[in-house]
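Only one chain is shown below, in structure tokens, and it's the form predicted on its own.
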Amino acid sequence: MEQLGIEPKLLIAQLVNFAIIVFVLQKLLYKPILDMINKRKKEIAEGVSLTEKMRVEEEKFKEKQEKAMAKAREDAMGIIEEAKKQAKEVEKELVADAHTQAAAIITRAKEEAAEVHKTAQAALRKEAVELATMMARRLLTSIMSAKEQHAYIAKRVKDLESWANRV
């Protein structure tokens, strides 16, 4: 090998140095980076899962609301029909009274449905703000210092609150 210009001792020393560098890089650099990437993937998957869960809950709420409105309409229509039957048998005073009752029931049903809708929207907004805050906190801890995080999060929470108040 010396005829080719290769010194065995130097070659062995370079191989040992290369093995040491590979070992050090594997332990100190590659593994922590891969662990961090896997952790981020897991957090992102959890966020997507929570978003999907919230979407499903919103769809369930919409279905429930539609059923409540349909039932309220059916109830209101039943009361109106009953009032019409009685109106044929009773004097004009009773007809006016039946219509007033039907209108009150419809109004109350609409108010109740609107109140349920407002309550659910407020809860959904609150959950969305909490989820956004949690996700931002998780992501920002690995990128910014604590002081930068607090300033950024405070600004975003104010933005979200102002957005929530507008909607």
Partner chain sequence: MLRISLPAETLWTLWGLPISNALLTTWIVMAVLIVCSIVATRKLSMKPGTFQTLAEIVVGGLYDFFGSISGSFIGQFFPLVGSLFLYILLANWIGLLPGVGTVGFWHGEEFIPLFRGAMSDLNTTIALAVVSVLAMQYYGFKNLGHHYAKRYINFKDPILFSVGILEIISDLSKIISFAFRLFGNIFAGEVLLAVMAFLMPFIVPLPFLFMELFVGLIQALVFSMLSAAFFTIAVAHEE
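Numbering follows the first chain given and starts at 1. Note that this is a predicted model, so its numbers are computed, not measured.
If you look for the form predicted in complex with its partner chain, you will not find it shown, but the lines that follow are about it.
**Q** Verify the contact flag for Glu7: yes if a non-hydrogen atom of it lies within 4.5 Å of a non-hydrogen atom of its partner chain in the predicted complex, no if not.
**A** Yes.
**Q** Any chance Leu15 has a heavy atom within 4.5 Å of its partner chain in the predicted complex?
**A** Yes - in the predicted complex, heavy atoms of Leu15 and its partner chain come within 4.5 Å of each other.
**Q** Even though the partner isn't displayed, in the predicted complex is Val56 close enough to its partner chain, meaning a heavy atom within 4.5 Å?
**A** Flag for Val56 set to no.
**Q** So, in the predicted complex, is Glu112 in contact with its partner chain at a 4.5 angstroms heavy atom limit?
**A** Glu112 lies outside the contact set for its partner chain.
**Q** Have a look at Ala154, Ile143, Ala146, Ile21 for me and say which one sits with a heavy atom within 4.5 Å of its partner chain in the predicted complex.
**A** Partner contact (heavy atom, 4.5 Å) among the options: Ile21.
**Q** Considering non-hydrogen atoms and a 4.5 Å limit, which listed residue (Ser49, Thr119, Gln26, Thr100) is close to its partner chain in the predicted complex?
**A** Only one listed residue qualifies here, and that residue is Gln26.
**Q** Sort through 38 to 46, 101 to 109, 126 to 134, 63 to 71 and report the only stretch with a non-hydrogen atom within 4.5 Å of its partner chain in the predicted complex.
**A** The contacting stretch is 38 to 46.
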